[in-house]
Ligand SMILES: C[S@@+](CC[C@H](N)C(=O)[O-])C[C@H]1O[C@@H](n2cnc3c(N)ncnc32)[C@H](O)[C@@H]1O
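One chain comes next, on its own, written as structure tokens: the form predicted alone.
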Amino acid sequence: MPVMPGELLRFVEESEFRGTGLLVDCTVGEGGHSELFLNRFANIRIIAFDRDGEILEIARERLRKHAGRIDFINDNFAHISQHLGQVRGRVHYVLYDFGISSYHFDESGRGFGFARDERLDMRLDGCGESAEEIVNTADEKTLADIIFRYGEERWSRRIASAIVRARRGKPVGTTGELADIVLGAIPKRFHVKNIHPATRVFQALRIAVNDELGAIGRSLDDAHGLLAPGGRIMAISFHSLEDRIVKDKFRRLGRGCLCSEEPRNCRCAGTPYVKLLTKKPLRPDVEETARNSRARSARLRVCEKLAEARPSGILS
């Protein structure tokens, strides 16, 4: 079920291009958002990215009836500029729906959650170190840093120490084993009702395994360069780390900054490159969260490229 459909349709419909032109769906997942746009706008065309080949095939099948209006690219959205260099300046909308799909939790079998006891993998594209390798080979400080930085978990050192002690006996190989270790590491009086203590740890490992935050930053840099003047970037985040990156990138562009320096050291021209269409992130309404619990933590930010903006640039 696509998150915040009404808000996204409105931002596309009220744009300068009125629902026509090229939309890049950077995180097509199972195809919900792309289907929404293709059904609503007869003159929109989509290029859809996903780094997970399995879920891309699900989207391809779902959107088969729109085959002439959508193209699929099996790659990390961090590489959009490499694939879309030929359409630079001719993209009208860029959409991000960060995080992972319900499919990954419920059907992938790759250990993204702990509802089932699965192998600890968490890779979206099968590349790089798996979660199992990180859990069993990283030193205690590195584990604690990952859990604290990407999970914002206050018990990160205690959890890392518990993992290292447990793996001395045998490798930690499944989601159930890891969840039990975390459960035992956090004192019961600090457990939060209705939230499993391992939730933040699993989030942290998933982000680290897939370099999710780095990919967001690199892709947003390029997305602005691909847009036509009047084009819009729409970004849905699901936790504060993602939202912080989007907010910072949009604000930098909004004050005319394309460098990676701290604000006081910035020497950019100061002419705004985008207009912020959401001063604060939009949140789903009560009706949507009742229908779709996944939407509960969603935050939507949108910016529009200004005509006087340079056609390309790198932020960091």
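Residue positions are given as counts along the sequence shown, with the first one as 1. What you are looking at is a predicted structure, and each value in this text was computed from that prediction instead of being measured.
The same protein has a further form, the form predicted together with the ligand, not shown here; the description that follows concerns it.
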{"item": "Contacting member of Asp222, Glu132, Glu153, Asp97, with respect to the ligand in the model of the complex [4.5 Å, heavy atom]", "value": "Asp97"}
{"item": "One residue of Glu177, Asp75, Asp145, Glu118 in contact with the ligand, assessed in the model of the complex (non-hydrogen atom, 4.5 angstroms)", "value": "Asp75"}
{"item": "Contact test in the model of the complex: Gly256 vs the ligand, heavy atoms, 4.5 Å", "value": "no"}
{"item": "Interface membership of Pro284, the ligand in the model of the complex, 4.5 Å heavy atom rule", "value": "no"}
{"item": "Gln203 within 4.5 Å of the ligand in the model of the complex, heavy atoms", "value": "no"}
{"item": "Contact flag, Ile55 vs the ligand in the model of the complex, heavy atom cut 4.5 Å", "value": "yes"}
{"item": "Partner-facing stretch of 169-177, 100-108, 223-231, 192-200, counted where any non-hydrogen atom is within 4.5 angstroms of the ligand in the model of the complex", "value": "100-108"}
{"item": "Heavy atom of each of Pro2, Thr27 and Arg51 within 4.5 Å of the ligand in the model of the complex", "value": "yes"}
{"item": "Residues from 109-148 in contact with the ligand (non-hydrogen atom within 4.5 Å) in the model of the complex", "value": "Leu124"}
